[in-house]
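Have a look below at one chain only, the form predicted on its own, in structure tokens format.
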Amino acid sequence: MIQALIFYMFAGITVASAVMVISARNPVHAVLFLILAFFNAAGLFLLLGAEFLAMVLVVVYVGAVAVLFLFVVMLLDINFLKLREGFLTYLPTGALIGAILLVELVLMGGSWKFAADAPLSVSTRTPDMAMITNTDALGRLIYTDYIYLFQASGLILLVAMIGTILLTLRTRPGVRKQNIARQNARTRETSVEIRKVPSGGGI
């Protein structure tokens, strides 16, 4: 009974925070509600026994992504009122896309629920939690069965990061930049000039 009450508390706060993320007028408040949703989702993972996913959600998403969003929103001078002007215009298109995604999720969940070999596949993939920890089981699954997909996702993220750097890199004329190869190629003859200043000829 206590576990059910805690679950409904975490789930209710998560859903309410998610609604406030998309309905809050102040973007800073939206990011703060997003952080609250992440914390409650981590609590739901703890109730499921997935402590590794809960810690990853808190450390990565709350500690890095959400804080980065908060700093970007606070530092950039964005006119959010102007961005919201065309909200009603694109509302039917967004609702249609959301309905399509919802139907796809329902069909995928229903096919998994009513599949004949679904219980067999679940029983063969889930290890005994009394013999192995959740972190160990997740690590074995990722780095054995899905190692190529894991490496491919890392490669995709690397390409996306390099593309973002190239797109945002701006070259401005007249700005002095450090050239390490030129610095290492300097010699004493080209860098040091010895002049003999006569007595009384200095500044």
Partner chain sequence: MAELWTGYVWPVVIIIAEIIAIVLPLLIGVAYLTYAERKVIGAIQLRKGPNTVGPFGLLQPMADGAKLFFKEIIIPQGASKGVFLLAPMMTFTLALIAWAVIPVNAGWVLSNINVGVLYLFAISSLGVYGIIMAGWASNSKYAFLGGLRSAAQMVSYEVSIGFVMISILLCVGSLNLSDVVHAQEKGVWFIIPHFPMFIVFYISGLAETNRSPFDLPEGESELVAGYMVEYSGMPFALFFLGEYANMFLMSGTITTLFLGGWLPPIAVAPFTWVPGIIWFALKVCVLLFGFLWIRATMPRYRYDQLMRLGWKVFLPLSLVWLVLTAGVLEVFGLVPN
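These numbers come from a predicted model, not from an experiment. Numbering follows the first chain given and starts at 1.
We do not show the form predicted in complex with the partner chain, though everything after this point is about it.
Colleague: Please pick, from 155, 28, 48, 149, the one residue with any non-hydrogen atom lying within 4.5 angstroms of the partner chain in the model of the complex.
Modeller: Flagged contact: 28.
Colleague: Between 101, 95, 107, 74, only one gets a heavy atom within 4.5 angstroms of the partner chain in the model of the complex; which residue is that?
Modeller: The residue from 101, 95, 107, 74 that makes the contact is 74.
Colleague: Can you tell me if residue 63 lies within 4.5 angstroms of the partner chain in the model of the complex, counting non-hydrogen atoms only?
Modeller: Yes, contact at 4.5 Å.
Colleague: Using 4.5 Å between non-hydrogen atoms, is residue 171 touching the partner chain in the model of the complex?
Modeller: No, residue 171 is distant from the partner.
Colleague: Would you please decide whether residue 164 lies within 4.5 angstroms of the partner chain in the model of the complex, comparing each non-hydrogen atom pair?
Modeller: Because no heavy atom of residue 164 falls inside 4.5 Å of the partner chain in the model of the complex, the answer is no.
Colleague: With the partner left out of view, is residue 70 within 4.5 angstroms of the partner chain in the model of the complex by any non-hydrogen atom?
Modeller: So residue 70 counts as contacting the partner chain.
Colleague: Select from 22 to 55 the residues with a non-hydrogen atom within 4.5 Å of the partner chain in the model of the complex and write them out in sequence order.
Modeller: Heavy-atom contacts within 4.5 Å come from 26, 28, 29, 32, 35, 39, 51, 52, 55.
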